[in-house]
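Quick setup: one chain, the form predicted on its own, written in structure tokens, and binding and motion questions come after.
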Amino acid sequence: MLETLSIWLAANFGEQTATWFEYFTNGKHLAWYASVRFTLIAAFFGALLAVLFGVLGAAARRSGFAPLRWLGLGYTTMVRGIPDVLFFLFFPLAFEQLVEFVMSRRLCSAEELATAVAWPPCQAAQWYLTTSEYLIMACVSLGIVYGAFAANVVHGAMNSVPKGQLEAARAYGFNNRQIFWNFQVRQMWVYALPGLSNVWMLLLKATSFLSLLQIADIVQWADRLGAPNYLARVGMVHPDWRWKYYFVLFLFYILLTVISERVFDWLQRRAGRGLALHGEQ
């Protein structure tokens, strides 16, 4: 189909147009376009985990059980202070080596464990991760890091729920757990969404780190395709075009930002339906 379209372009718009079409539809460029799915998957599932960790972290901070409250406070404080890229590298590597440690204790002989000079101690304990497994760990890493930010947002949003409604619920006989899940969690979204939209934007930008986990994402492909190429057999001969490919990524992330703003505006209007917010008559 692509070959037929190339012939049609050459006949109607000239050989130069067909040449550019063939260049932008070669195997490497098709792989670049397909790698967009890694960015979107990491962003979507990372955001879902971030909201989950955020609600759990906020619940822990509000717990009447002191150790759980300290855990929630430590999570929201410490994780927010760790650089994203450092945590993004630490968690997958630590998890991978933990799995290999467990495997080595089961699969490696005592002699191999005693004489090992490399990691893992034996070949049988080597865990070869696929792109899908790296992507799962990337989603979890994003969820943990930005869940700490989301927890802080959710905690503040819960404090914004009118106290009168909580007191009325308590007067009707609801216990603290029922008040938390049935009233605070359900009503806090209208207050949390503006802050969560900022967390989403930060998470979206962090998806550019996927290549650090050996995932051939859009950033890595842009670097490969834009690098100087003087071999005609592997594509169009060109000098250093990386800035052009990075500019395409700028436009891609700007487009995602615009779409995200529209979605959050819609969610904000939907969450606020039927609620009398502070300052409204």
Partner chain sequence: MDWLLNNAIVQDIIELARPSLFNLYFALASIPIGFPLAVLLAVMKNSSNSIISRVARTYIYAFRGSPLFIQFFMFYSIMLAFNLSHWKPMGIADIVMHPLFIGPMVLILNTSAYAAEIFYGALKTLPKGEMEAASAFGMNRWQVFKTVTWPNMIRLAWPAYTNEVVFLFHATALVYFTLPVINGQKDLMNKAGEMFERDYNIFLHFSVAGLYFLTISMVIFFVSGRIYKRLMRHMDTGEAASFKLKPNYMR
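Residue numbers count along the first chain shown, from 1. As the structure is a computational prediction, the values presented were derived from the model and not from experiment.
There is also a form predicted in complex with its partner chain; it is not shown, and the following applies to it.
- Heavy atoms of A11 never reach within 4.5 Å of its partner chain in the model of the complex, leaving it off the interface.
- When contacts are judged by a 4.5 Å heavy atom cut-off, Y253 counts as touching its partner chain in the model of the complex.
- R242 belongs to the set of residues with a heavy atom inside 4.5 Å of its partner chain in the model of the complex.
- At least one heavy atom of L202 is located within 4.5 Å of its partner chain in the model of the complex.
- Site residues R80, L86 and F247 are all in contact with its partner chain in the model of the complex, judged by any heavy atom within 4.5 Å.
- The contact with its partner chain in the model of the complex, taken as any heavy atom within 4.5 Å, belongs to W119 out of Y172, W181, W127, W119.
- A heavy atom within 4.5 Å of its partner chain in the model of the complex is found for exactly one of S109, S132, N198, Q165: N198.
- Of all the residues from 88-113, those having a non-hydrogen atom no more than 4.5 Å from its partner chain in the model of the complex are L89, F90, L93, A94, Q97.
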